[in-house]
Structure formats: structure tokens, C-alpha cells
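Take a look at this one chain, the form predicted on its own, written out in C-alpha cells.
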Amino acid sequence: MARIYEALAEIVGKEYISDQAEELFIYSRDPGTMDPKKPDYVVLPRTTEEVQAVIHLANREKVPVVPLGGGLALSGLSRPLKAGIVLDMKRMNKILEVNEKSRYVVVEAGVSQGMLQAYLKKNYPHLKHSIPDSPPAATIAGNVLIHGSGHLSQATGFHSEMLNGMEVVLPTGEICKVGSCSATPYWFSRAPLPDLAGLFLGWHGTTGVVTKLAIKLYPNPALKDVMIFLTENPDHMPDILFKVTGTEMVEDLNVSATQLPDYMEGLQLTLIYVTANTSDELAFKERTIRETLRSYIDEKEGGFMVVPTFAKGRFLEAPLREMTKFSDTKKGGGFEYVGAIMPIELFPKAYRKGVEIAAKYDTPYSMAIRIIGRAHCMMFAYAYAFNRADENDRKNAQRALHESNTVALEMGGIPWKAEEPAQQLILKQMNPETIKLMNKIRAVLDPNGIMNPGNWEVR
């Protein structure tokens, strides 16, 4: 142990490695319900070459390595299930390049959402990236690698679809580039080359350590507004979502359903975000959307809320803090959700199951839905707040999450950023040949089994 510690200290410097109990405690958990798993060491590299050296050492010593971004996945993906080294990427936080004309940015793996947002606002205010509704400390890389979504996902899809390329340290220590950057100085696209990005997306750090990546940037229109459509019947939601996305005039589309405060119980709020460069363009888009939903208004099955201008600010934030206020309703700092990806036609069934599970576990329900693409699918989140200081409350939320994962799979959805127990549920119903292929890929890339072991492993 002392030998490994000294070798790691030589790679990154003694001030950037720790095996102290209080720091290992912090790195053994995240804000979610999963049980803590303590690492042996925490290491903060500064360069790709330092990451490479750590990987070489881990292979020689057969020590597990767990990459960590912001540590905000909530589902315990960065817990070291089999101990070893937590590789905290936060020191690798340079914004390396903004290509203004081809609209992309190249960043190191530790760059956070808030850092990039502030940088673009200051230096390129006419450009923006798709921002998830997570704390600003969440990293760009972490969100892309778990197939995250954000404020531009209704128009452009998952954040992994906005990825142009990446630099990866493979589990055996080679430094590999994926996308146009592998053949040119530019990071403009993954096409038309063989697309190797899938070897690292959704794998929960089991196939390598991403050190740099490029993501697409988008125009930042001068005007933004929110329209809120209120309904009481979840059976209407698939059609409402289908019609609104069909206008192709919406930047972001979310649905919120919560039991708190009391007057919100039983309601569904559809948040429709519209952007434009002129007031006439904005008015035209909003008129079109209103007319699209005219039949629901005429039949008194839904209607637009009047939101005063002074009150709109909280709905126009990015990230949207209004939807995360629920996370601390029980105090104690505990929060996790099942963000199942599923077809939009499952909305009524998913909604009713959420209400049912919340009642069963005696916890207020909160459901948040983000539409991905032109209603190609949705991220349907079942959220559970709990008091971390109350072990019974944590276990209760854990049971509710497990049942939500089970229900999502039974309906035909797939749990997003699945924690280890949810991974096992997915693997149990996954095509056996798909599992064999995944195992073959991991065996080739990671012959010593050092990369975040315990994840995506058949029990």
C-alpha cells in the first residue's frame, strides 16, 4: 500500500493524492441512496500523461480505477465498488478551443457546466451549449458520457448526440482519439469515420478515461419566453407533446407533476420554451403553439397559465433551479431519482405508477419529464427526497427507487444512469448475445479488469 501511494505521489505530486480517512469518506458516496464504498486512494491528475501514468501503475499493481467528474450522477456510479483509486478529474479544467464558425468547443474532462456557461457568456455571447438541470459543478464530460440531456435536447437529442469527438486513455494506457480529431486538427464531427464513441458512452467508466472532448455549440437567440400549459388528465399528454413538438418551434419542452405544494397535486404543467431574434418571430411562434392546442382549450381540458413578466425569471433560468427545489423537502441533503428513458406514449401509465409508488412508500411524489428530440422519446424522472441523517428514510427511498426501476423496465423503458442494482435489472432482461458482445469488448479493452469493476457485470 505504501509503495502504491508513493508511486502515485510521484506521478501527480503529494498535494494531489490522499489516503486520509476523512477524504476517503467524502469520495465513498454521492448525494443518492446507494451504500458508501470506500476507495484506497484519491488522485487528482492535471494532464493526460498523468492519467496515462496512473493507468499504467494500476495495471501493474492490479488496482481498480474509478473516474470521477462532478460526483453528481446521484446513482453512485463513481463509488469504487471494489476499492482502488478514485481518479478525480477536476484539475483538468481548461477550455481549450472555441470554433466560432463551426460552432464547437473543445474542453478537458474536468470542465464544469457552469465554467463553460460563464466562459461563453463573457467571450461568445451569441453561442451556447445545452445545459442540464444539474448543479453548475457537474462536468461536461460526465453528463455526455451518461447520455445526459438538457435545454436543447428537444431540438437536438441527448448530449451524447452533440459529441464531436474525444481523447481517451484506454484501460491499457494507450491514448486514443475518436472522431475527426483523430485524422485532422479539427474536432468538427464523428462522421464519416467508423464511430468508436459508442465504446465509451453509457459504459460508466468501464472502458477508459476520457480526458478531452468536443461538443456542439448553438446560436443563442436574443429573446426567450416560457409558456405554461396546465392539464389534469395524464391521458392527454402524449398527444399534447406530439402536437407541440410537431410545430418545430420549441427549444425545450418539459412536464412537471408534483404533490408539493398541495395545490399542485393532480396537475401536469407543460413548460414550453420558445426563442427568437425578434419580437415578431417570438409572437408568431407562440401564436402557432396556442393554435396547435386550441382543441384542448375549447373543450376545457387544458389552458395556458398567465405568468406575469416579473415571475417568469425563475422558469427561464438555466439550469432550472425551480424544478430542483423539491430535492431538499425533507432536509438532510438526500436526493435521487430514476430518470427512465421511454416512448412518450407511456406517459399516462408512467405517471400513474409514480403516484402509486409514492403513496406506497409514504413520500411526496415529484415527477419531471424532458422531451428528447421531436418527441422521439422522453426522460421520465421519479424523484425521491430523503433525510440522509435518517437511515430508515434513506432505505425507504432506496426501495422506492428500486421499484421505480423495476416498473420502468416492465413498461418498456430503460433506467437512465442506472445504479448497480438497476444495472442488474437491465442485464436480466437484456438480449444474451448483447451481453456477450459487451463482455468481449471489455475483455479486449481492459484485460486486467481495472476500470470501475462491479459496473455492467452479470451477477
Partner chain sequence: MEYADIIHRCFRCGYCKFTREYQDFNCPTYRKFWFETYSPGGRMWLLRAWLNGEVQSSKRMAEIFYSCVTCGNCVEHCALDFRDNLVDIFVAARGEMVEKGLVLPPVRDYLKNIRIHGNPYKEPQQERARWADGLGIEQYAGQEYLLYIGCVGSYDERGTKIARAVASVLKKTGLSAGILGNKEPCDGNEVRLLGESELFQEMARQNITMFKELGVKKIVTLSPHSYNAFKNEYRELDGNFEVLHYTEALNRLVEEGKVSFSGLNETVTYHDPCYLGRHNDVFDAPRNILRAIPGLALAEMSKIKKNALCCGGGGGNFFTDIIGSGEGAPGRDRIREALETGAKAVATACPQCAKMLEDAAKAEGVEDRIKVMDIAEIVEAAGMRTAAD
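Residue numbers count along the first chain shown, from 1. Keep in mind it's a predicted model, so treat the numbers as computed, not measured.
The next section is about a form of this same protein that is not shown, the form predicted in complex with the partner chain.
Contact with the partner chain in the predicted complex, defined as a heavy atom within 4.5 Å, holds for exactly one of Lys212, Arg388, His236, Arg370, namely Arg388. Contact with the partner chain in the predicted complex, judged by any heavy atom within 4.5 Å, is made by just one of Leu241, Leu72, Met379, Ile289: Leu72. In the predicted complex, the partner chain lies farther than 4.5 Å from every heavy atom of Ile228. Residue contact check for Tyr273: none of its heavy atoms lie within 4.5 Å of the partner chain in the predicted complex.
Of the heavy atoms in Asp88, some are within 4.5 Å of the partner chain in the predicted complex. None of the heavy atoms of Ile414 is located within 4.5 Å of the partner chain in the predicted complex. In short, of 192 to 200, 256 to 264, 343 to 351, 91 to 99 it is 91 to 99 that has heavy atoms within 4.5 Å of the partner chain in the predicted complex. Residues are counted as partner-facing when one of their heavy atoms sits within 4.5 Å of the partner chain in the predicted complex; in 262 to 283 not one qualifies.
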